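Shown below, as structure tokens, is a lone chain in the form predicted on its own; questions about how it binds or moves come after it.
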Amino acid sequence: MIEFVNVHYYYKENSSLILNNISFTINKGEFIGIVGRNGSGKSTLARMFNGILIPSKGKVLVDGLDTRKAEDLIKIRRKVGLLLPNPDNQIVSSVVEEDVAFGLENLGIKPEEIRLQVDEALKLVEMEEFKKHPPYLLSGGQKQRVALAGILALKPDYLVLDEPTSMIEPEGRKLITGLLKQINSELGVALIWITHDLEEIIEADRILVVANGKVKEYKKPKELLGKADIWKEAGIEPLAITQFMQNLKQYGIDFKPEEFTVQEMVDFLCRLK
């Protein structure tokens, strides 16, 4: 379990708060979406999960380990992987397989174990045929898969995704999205997915809405996705189905708030007819 307990964060003492009294929990194996406008504090939040940033007040616990304690950080960073928007910021080697092995080598893992874990990670992201390639020859989506493989090689329990598809081409975006959801469902790795695209997190267990450094909502998607006012406050473009629901209400047609997918709405309208 990851626990944020009354977390405050500011870059300089007496400056304005970036995060203001944030508290929530995430269980192992969950798929959590995090949304908010630019400047809401969500990227700062992302870097607190594995101790890159430390709370100014409050605490972040990962399976009982405290990010404020230097002696806990190595264990925390093996448990919590962070995938950044731009894969070029995470790729450090000139050959794909060497880049995937980088984190394992820093942990002093035996060479034969590194070989096995690198091959397994590259297979998971469908990049094993590119293991001898230089990363600069790869597409944006392929680079993001290499960066992901480097994290998966460490076998994390939690994967924090900071806008993981924002800088890659549409085809690569589709592949990465499917791959991440597969990792969650088949390997049981918890996903903490930060995004502006609600379509990416429509299958999440819960969505955390951040506005002005505070948690505004933390509920199941079906309790939130039909409410246009929430997304307006958060600076997020609502789903098209949300606007459709609002239009129906203007004509006196009510619906259950949990009916938000296209098929559910079609079924509802058929029953209405």
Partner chain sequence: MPIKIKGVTHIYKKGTPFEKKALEDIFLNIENGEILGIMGKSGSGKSTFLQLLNGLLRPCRGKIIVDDYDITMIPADEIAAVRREVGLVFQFPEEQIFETDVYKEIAFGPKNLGIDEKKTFERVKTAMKLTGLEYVKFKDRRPNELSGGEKRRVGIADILALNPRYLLLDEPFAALDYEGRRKIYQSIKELNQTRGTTTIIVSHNLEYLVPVCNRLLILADGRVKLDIKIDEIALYIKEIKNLGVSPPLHHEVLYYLKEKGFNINVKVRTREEAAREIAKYLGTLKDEVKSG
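Owing to the predicted nature of the structure, the values given are computational and were not obtained by experimental measurement. Positions refer to the first chain, counted from 1.
Below, we turn to the form predicted in complex with its partner chain, even though it does not appear here.
Contact annotation for Leu248: at least one heavy atom lies within 4.5 Å of its partner chain in the predicted bound form. Put simply, Leu17 is far from its partner chain in the predicted bound form: not one heavy atom of it is within 4.5 Å. Using a 4.5 angstroms threshold between heavy atoms, Gly58 stays clear of its partner chain in the predicted bound form. Among residues of the shown chain, Ile230 is not one whose heavy atoms approach its partner chain to within 4.5 Å in the predicted bound form. When contacts are defined as a non-hydrogen atom within 4.5 Å, all of Arg37, Val266 and Cys270 contact its partner chain in the predicted bound form. Residues with any non-hydrogen atom within 4.5 angstroms of its partner chain in the predicted bound form fall in just one of 24-32, 218-226, 235-243, 204-212: 235-243.
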